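As a starting point, one isolated chain is supplied in structure tokens, in the form predicted alone.
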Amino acid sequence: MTFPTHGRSVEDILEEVRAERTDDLDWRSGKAFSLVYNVDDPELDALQHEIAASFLHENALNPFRYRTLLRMESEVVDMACSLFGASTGSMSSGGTESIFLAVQTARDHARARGVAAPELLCAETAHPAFAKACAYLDVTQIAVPARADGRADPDRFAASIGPNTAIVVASAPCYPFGVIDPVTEIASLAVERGVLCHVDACLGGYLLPWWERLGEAVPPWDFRVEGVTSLSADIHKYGYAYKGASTILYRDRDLYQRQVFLYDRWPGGIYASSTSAGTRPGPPIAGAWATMTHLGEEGYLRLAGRVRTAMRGFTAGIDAVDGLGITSDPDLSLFEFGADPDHDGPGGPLDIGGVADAMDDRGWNLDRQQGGLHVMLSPGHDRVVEQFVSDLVDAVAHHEADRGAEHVYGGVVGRA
């Protein structure tokens, strides 16, 4: 496309977008399991649209020119600190930026104590944003195998911490399997060896406090654990704000200061920023504040209850399907399920890719992982439990029938 000579009408542009979007992911249907967290709350949806429009053109680069945004961001950080037990922190555009800031802070902290080539230690299940941050920031990533249950292995961490280790990472939970790493043991190692410890709660941070209050078993994971020095948690995940709103939090205010950039040798004046971004759009800040203050504790508990209902329904339904099984013991509302290796169907265990294809044909959008299919549940999924289980049973049955025909005909002549 070349740059247009003549502009187009508003209606023409909107009509093109409306037509094209019919092929985009329909997350409101309850048949999608990533990228968007379906709150299924029309009142909150209307509030978010209104607040986004109100701050559409505001720029938080200079917060003193937009004091409303300054207040909103300060209150969002205060709420996050009170929820997780932090001392201070800031908002960012998302989990990747929060992780970048934590790695940059740890790198500079290590260099200040004489470490010339800082290293980051994590399990292989840690989010790829850590690998990306290390690549960008000249930090060496040391990724060690996880235990059989998908959780980080403290013994491997202990054996891998060395003189160049700047920071160790624990996930709460990790994305592939929905399990929380042993944060207490990893943080204890960090204290013992004199290194920083970051908890990546980008995914679970704004659900775990309410999960715990509902009576679910939640191992220690936040700043209540001695040795945890920083924590990332995304408001645009289970905080239910729209993209991109995250928080990066610290136990120590002096540590947070390493994240702040100040430049006073520019003819244009003093330039200061607490995150990697310069221009910062107003809507995500305003949207996060509006969402958190609208829902409050009662709202988040109500939504957590809906997620738990969905979780119980999905896991029970999947476990009841012959030939399938959940591949971990998830601590939260996301997990992987795959083929039961002991399944005695036509041709042996199920082809999980074939099951996924059959579910695609029924309108579901299951995410494919290396070992199986990934499910991440939102409040709106409590409405589709029966339909999902019914379609999954049907998909497996049809897949088994197809495999049986292929088995009889040797996969050469074709299907019966």
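This is a predicted model, so every value here is computed, not measured. Residues carry their position along the shown sequence, with the first being 1.
One more form of this protein, predicted together with a small molecule, exists but is not displayed; see below.
Trainee: Check, residue by residue, if 205, 231 and 251 all come within 4.5 Å of the small molecule in the predicted complex, counting heavy atoms only.
Mentor: Negative, none of the three is within 4.5 Å.
Trainee: Please tell me which of 281, 94, 330, 325 lies within 4.5 Å of the small molecule in the predicted complex, judged by heavy atoms.
Mentor: Exactly one listed residue reaches within 4.5 Å, namely 94.
Trainee: Can you pick out, from 99, 190, 80, 179, the residue that has a heavy atom within 4.5 Å of the small molecule in the predicted complex?
Mentor: After the contact test, the surviving option is 99.
Trainee: Under a 4.5 Å heavy atom criterion, is residue 258 part of the interface with the small molecule in the predicted complex?
Mentor: Result no; residue 258 lies far from the small molecule in the predicted complex.
Trainee: Answer for residue 127 alone: is it within 4.5 Å of the small molecule in the predicted complex, judged on heavy atom distances?
Mentor: Because a heavy atom of residue 127 falls inside 4.5 Å of the small molecule in the predicted complex, the answer is yes.
Trainee: Residue-level contact is defined here as any heavy atom of the residue lying within 4.5 Å of the small molecule in the predicted complex; does residue 151 satisfy this criterion?
Mentor: So residue 151 does not count as contacting the small molecule.
Trainee: Verify the contact flag for residue 175: yes if a non-hydrogen atom of it lies within 4.5 Å of a non-hydrogen atom of the small molecule in the predicted complex, no if not.
Mentor: Heavy-atom contact with the small molecule at 4.5 Å: present for residue 175.
Trainee: Which is the contacting stretch out of 235-243, 269-277, 112-120, 161-169, given heavy atoms within 4.5 Å of the small molecule in the predicted complex?
Mentor: Comparing against the small molecule in the predicted complex, the contact stretch is 235-243.
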